[in-house]
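One chain is shown next in C-alpha cells, namely the form predicted on its own.
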C-alpha cells in the first residue's frame, strides 16, 4: 500500500475517477446529501462518508472496487439502512456503495420453489410478487416493508415467523458475490436445496457477514407454499410472571406455533393510545401467537391453544382467522417501535438472545436497571426464540443520557452472558456490539475469525470498524488524509 500523505480532494480527484469508472451510476458528494447516509436505523452512531455511489446495475460494482484499490480508500455496502447495529455506516469515512436500485426479481420457479433476486429488493415486495404463485418467503423482520433482502442476508435477519420457519440462513440457497479484486464468484444455487456436499459451505459463510466478505449481487432463496389456513391468538395477562409461564408451555408443543411474540404493558399502552389500537386492556401484558397449515388440522388445534394460553392466568384469550383482523393485530405489533418516537427523541434497541427459561429473570433485571438509571425500558420481542429486543428511550441532548444508555447496554450484555446467552439474534454485531466480542470469544477464537476475514478482505478495506473492533483500514494502510473519525 502507498505511504502517500498529501491531502487528496474527493470532489476533484477520486470522485472523478469513480464517475469515469461507472458513468451510469449516481455519485453524491454534497454534504447535505451525505447526511442521509451518516447512520442506520440505530440512529445515534453517526459517521459521514466522503462519497456515495448509487449503482444502477451489478456491472457498475467491479469498476468501483478497482478504483478503491488504486486510490486506497475504504468502502461500505448499503441497502435501505434499516439495520440496528451500525452495520452500513462509514466508520472510517470513504465510500458507500448503495445497492437499492438493484431491486429486480430475476426468476420465480414455482415447481422447484425457489426464486432469484437482486439484493436491493424490499422483502415485502418479494412476497407480493410470490403471492400469485401460491408461494411465500417466510423470514419477516418488522422492517420488511422497507428492508432489502441483501441487508437481510448480510445481518441474517429473522422476524416474527422465525420460531417455526427459521431465519434468513435457512432460506439462502446461493449467492453471487463480487470479491475485493472485482472477481465475480458464485456459491450454491437452486440445486443447493438438497444440501451442500463435497465442498465447503461458502454460502453459509456469506450469510451474516455484514458486508465484510464481498458485495452480494444475486441471491437464490428457498420458498414455501402459502399455508391453507392461519389462526392468530392474542392472550392478555395481569403480570410478567404469568405471561412468561405461558411462553414456556407454548414452545414445548409437539407441533410448535409459527410465532410467539411478547408485548409488555408499556408497549400495550402505547399501541392502545394510538390509531393502531386493537382493543387490548391497557393494564395487560400480551402474548401474540399464530398457527398455520392445512385447514382441518389447524382448526382442530384452536381449542388446544386457547387452553394453553388460558391456564396460566390469562384474563382474556381471543382467536382470529379473518385475514384483515389478523393483519391488524400484527401491524399493531410491528409498528410499536415507530410509536416509541412519540415518547422520546432517541431510541436504542438491543438484540441479545437468552435461554427461554431465563426470560422472567432477565426481563425483570432490565426493568430494574432501567429504573435505577432513569431510562425507560419497553419490551416487544420474539419470545419463542428467546431473542430479546429491549428498547431504551433517551434524549441525546441531555448530558449523561448517552452514558446511561451505554451503561445499561453493558449491564444487559453481562447478564445475558451470565445466563448462557449471546450478543445478537438477527441485528448483527456492526460497530455497536463489537466492544463486547471479547466477552463471548477468547483471543484465540477472535484471531481465528480475523484470519478468515483477512483472507477475503485484504487490510480490512471492506466495511472496516465492524464486528471485530481491531479491524481498521485507516489504521492499517490507508493514506494519512483518511485518518478521521465520526462522532458517536
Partner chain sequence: MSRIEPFYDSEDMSICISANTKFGELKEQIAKDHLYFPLAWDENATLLQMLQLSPITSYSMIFGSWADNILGMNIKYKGKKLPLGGRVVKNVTGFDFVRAIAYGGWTVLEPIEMVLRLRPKDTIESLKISGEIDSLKTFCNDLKSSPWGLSIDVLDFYFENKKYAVHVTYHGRDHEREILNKEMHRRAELCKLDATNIDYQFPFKYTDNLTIIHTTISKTMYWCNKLQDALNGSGIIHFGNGTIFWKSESEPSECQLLNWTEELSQEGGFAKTKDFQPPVNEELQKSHNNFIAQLELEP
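None of the values given here were measured: they were computed from a predicted structure. Numbering follows the first chain given and starts at 1.
What comes next is about the form predicted together with its partner chain, which does not appear here.
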| property | result |
| --- | --- |
| Among the candidates 368, 283, 272, 228, the residue which, in the model of the complex, approaches its partner chain to within 4.5 Å (heavy atoms) | 228 |
| Contact residue in the model of the complex, chosen from 310, 355, 345, 338 - any heavy atom within 4.5 Å of its partner chain | 355 |
| Contact of residue 48 with its partner chain in the model of the complex (heavy atom, 4.5 Å) | no |
| 4.5 Å heavy atom contact, residue 164 to its partner chain in the model of the complex | yes |
| Contact label in the model of the complex: residue 454 to its partner chain, heavy atom within 4.5 Å | yes |
| Its partner chain contact at residue 100 in the model of the complex, heavy atom, 4.5 Å | no |
| Candidate spot 159, 192 and 209, all three touching its partner chain in the model of the complex (heavy atom, 4.5 Å) | yes |
| Stretch from 176 to 184, 73 to 81, 372 to 380, 89 to 97 whose residues place a heavy atom within 4.5 Å of its partner chain in the model of the complex | 176 to 184 |
